[in-house]
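Okay, here we've got a single chain as structure tokens, the form predicted alone, with questions on binding and movement later.
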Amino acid sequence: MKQLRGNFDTQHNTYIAAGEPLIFHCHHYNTFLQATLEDTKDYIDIYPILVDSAQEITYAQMLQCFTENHVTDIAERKQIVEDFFMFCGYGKFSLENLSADGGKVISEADHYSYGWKSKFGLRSEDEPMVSFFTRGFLAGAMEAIFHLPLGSMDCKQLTCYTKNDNEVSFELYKAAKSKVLLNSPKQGKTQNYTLNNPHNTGVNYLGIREALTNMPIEGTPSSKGMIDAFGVLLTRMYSNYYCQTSYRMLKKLENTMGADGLILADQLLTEAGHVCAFNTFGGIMESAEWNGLIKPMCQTREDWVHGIVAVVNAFGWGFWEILELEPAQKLVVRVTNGYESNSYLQTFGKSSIPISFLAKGGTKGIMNLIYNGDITTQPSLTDEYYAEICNSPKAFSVRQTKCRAMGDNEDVFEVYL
């Protein structure tokens, strides 16, 4: 039976599976980013964006997988989709009862539904169920499985953990009116590069990347397709899903509110990146994996900065390099082949503002964790602790000083007091 896994591409520092770049992010970022996008619902129609973006990407990936591997058997196609969904940490379901006309899918576990409930609790009665990504994934995968036109299928969620249901379920059906969906940006406008070990630290970037990219970080049947690692629930998420949902929100806010919409989008998306850094990077630096592999290389706080940047180079986010590090004062990071710029340039072309919001918030989070919050003392990563860090007079600020989407050759971020 053919399995869709993908490989780590060292020339681009990312994972590629049937043409789609995959990156590691955890449930804290996945759910917080979705909550951030949902916060714009009073200004724009955000919910179709959350579903349609996943549908476009999954359709393109699965169609390429089936075509390249000459998979024509419907049962085998279903198995590939089920297996990939589980492998990536999205959850676990069976497509056995689906026909070309649709059908019901019951999930044994769903990352967004479970992750949302664990982070935010239950949704209110007037709020929709949360698994928009899974709805789009199922619709796009089904179109590819049965070789149906993109946009011809739709999916609704029937039950959800966030509504206190004991299962997560979906119904697929033919759309009353075919949706006009677009092609996935796939790898986008990429850059080739080579990762090297810096000379001003004992942290072994190449060794850390080699070790982490070869770790069996994947969902399994026994874990019901969840990846519990580094103290968080990880996913190998489509980088284009983050980008398409975020940038479509940005464009709609700009159309609705003008310059104020761009400012609002910048603030919201950068904060999502900062929350990601606090939880994901913080969880990693308090994990057994960190203590066993990376902490022995760290003699100073500055080595901790290098250590977490080395880890990022195994996440598929592109190449991260420290250009300047002034202890407790300043950090300058260059990102080459960043997934945000790759996707934006392919889909939208040139931008009038810097658009690498995840990296912007993430670099700020590194300095706040290490010098402001002192992650070396193993604090509890609570919401209260996050608020304490953010409101501290020692809190860092950040600006993106170079942006490929604005015509520069690289993305550069400066974190400062």
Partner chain sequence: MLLLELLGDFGITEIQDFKKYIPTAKNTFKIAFEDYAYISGAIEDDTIYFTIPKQNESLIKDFEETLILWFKKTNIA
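Positions refer to the first chain, counted from 1. In this text the structure is predicted, and so the values were computed from the model without any measurement.
There is also a form predicted together with the partner chain; it is not shown, and the following applies to it.
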Partner-facing stretch of 116 to 124, 86 to 94, 299 to 307, 185 to 193, counted where any non-hydrogen atom is within 4.5 angstroms of the partner chain in the predicted complex: 116 to 124
Selected contact from 152, 204, 329, 159, since only one has a non-hydrogen atom within 4.5 angstroms of the partner chain in the predicted complex: 204
Selected contact from 266, 167, 254, 286, since only one has a non-hydrogen atom within 4.5 angstroms of the partner chain in the predicted complex: 286
Distance check, residue 258 to the partner chain in the predicted complex, heavy atom within 4.5 Å: no
Contact test in the predicted complex: residue 324 vs the partner chain, heavy atoms, 4.5 Å: no
Interface membership of residue 67, the partner chain in the predicted complex, 4.5 Å heavy atom rule: no
Residue contact check: residue 391 to the partner chain in the predicted complex, 4.5 Å heavy atom: no
Heavy atom contacts to the partner chain in the predicted complex at 4.5 Å, residues of 245 to 278 in sequence order: none
